[in-house]
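Take a look at this single chain, the form predicted on its own, given in structure tokens.
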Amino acid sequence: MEQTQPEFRQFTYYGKGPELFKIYIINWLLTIVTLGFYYPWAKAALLKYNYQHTQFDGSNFTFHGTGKEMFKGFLKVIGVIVVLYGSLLAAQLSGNASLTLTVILIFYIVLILLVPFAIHGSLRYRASRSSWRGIHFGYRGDRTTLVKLFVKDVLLTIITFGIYNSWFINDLRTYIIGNIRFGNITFEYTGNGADFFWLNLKGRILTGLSFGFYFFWYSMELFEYYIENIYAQQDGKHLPIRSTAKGGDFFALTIVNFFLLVFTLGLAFPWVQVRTLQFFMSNIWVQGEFDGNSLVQTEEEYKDASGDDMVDMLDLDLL
């Protein structure tokens, strides 16, 4: 009996350095001229370009967010930051040591609590404003549940002197990915803290013993672990996601990118970004009987970009 070979579909990024360079130049100039207030429109322009030049199964992705939506969120985030740092500055100027210590403690507690709020808001906004073949993504997580999970894992990470961080990362990914929807497609993350802990321990030891050389293979092992523990499901069909990235290829990519940036004094950054996106996208494959024609819209629009702007301000790397 003839065996049916598994189907594989690849992601592709076909952006071009000169086009991206033009967007960056315009963004930089307008952001400087407007004293930073153009930032939301600059971010929207980059996202639109990168989405439009990312393809899967013959169709491009689309980002529907706008600079106006992001600007509203940007103003809210600026307001929160002004209040936080204004309170801290006022306490320091008061000369009252106990008040200053109390305000500093509250400042850091609020800052920690802002992280899950930012993650939740960013996921709701970014997913809702992303689509493929007209079908929008969605995030159905509960903010209160995410905050409780985040606070619990932060405390466990602190009292275990960082050891629990591997479980913390996997708990977040399990919850977040498990609540992402794409039409009638659901997602699942199957990574666990123990495996991730040993993967990191091995990677850091070998990176140290090899004077940093193993770092490239370690990075690709992390990438493979993240990608290959994500599974999609459509109408009862299991769709594993696979990585074909190799440490040697990542090493070559990084070396060339480094020299491009050095010899152009940073001007080649758009070309570096294109090369990097092409590398990672071309190494992600979806396996199984995916049917893009049977997708149905299930998600609602969400246009509050406050969380997305807060994620940028806090420099958070989500997934």
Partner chain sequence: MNTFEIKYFDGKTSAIQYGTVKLAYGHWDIRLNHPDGTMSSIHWQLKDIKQTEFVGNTNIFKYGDFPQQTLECTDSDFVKALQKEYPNYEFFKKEYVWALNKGLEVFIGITVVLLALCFGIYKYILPTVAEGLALTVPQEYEIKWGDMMFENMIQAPQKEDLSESLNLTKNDTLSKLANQFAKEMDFKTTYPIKITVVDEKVVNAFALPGGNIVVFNGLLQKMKNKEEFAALLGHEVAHVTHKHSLKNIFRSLSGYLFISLITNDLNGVTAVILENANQLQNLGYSRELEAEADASSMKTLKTNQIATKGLYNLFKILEDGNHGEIPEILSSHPLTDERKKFAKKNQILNEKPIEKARLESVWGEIIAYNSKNKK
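Residue numbers count along the first chain shown, from 1. Computed from a predicted structure; not experimentally measured.
The same protein has a further form, the form predicted together with the partner chain, not shown here; the description that follows concerns it.
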| item | value |
| --- | --- |
| Contact residue in the predicted complex, from Thr276, Ser282, Ser294, Gln287 (heavy atom within 4.5 Å of the partner chain) | Ser294 |
| Answer option from Lys72, His136, Arg173, Arg126, heavy atom within 4.5 Å of the partner chain in the predicted complex | His136 |
| Heavy atom of each of Tyr24, Trp41 and Thr62 within 4.5 Å of the partner chain in the predicted complex | yes |
| Per-stretch contact check against the partner chain in the predicted complex, the hit in 239-247, 141-149, 85-93, 202-210 (non-hydrogen atom, 4.5 angstroms) | 85-93 |
| Contact of Thr54 with the partner chain in the predicted complex (heavy atom, 4.5 Å) | no |
| Contact of Leu267 with the partner chain in the predicted complex (heavy atom, 4.5 Å) | yes |
| 4.5 Å heavy atom contact, Leu29 to the partner chain in the predicted complex | yes |
| In the predicted complex, Leu261 touching the partner chain (heavy atom, 4.5 Å) | yes |
| Contacts with the partner chain in the predicted complex - residues in 224-257 whose heavy atoms fall within 4.5 Å | none |
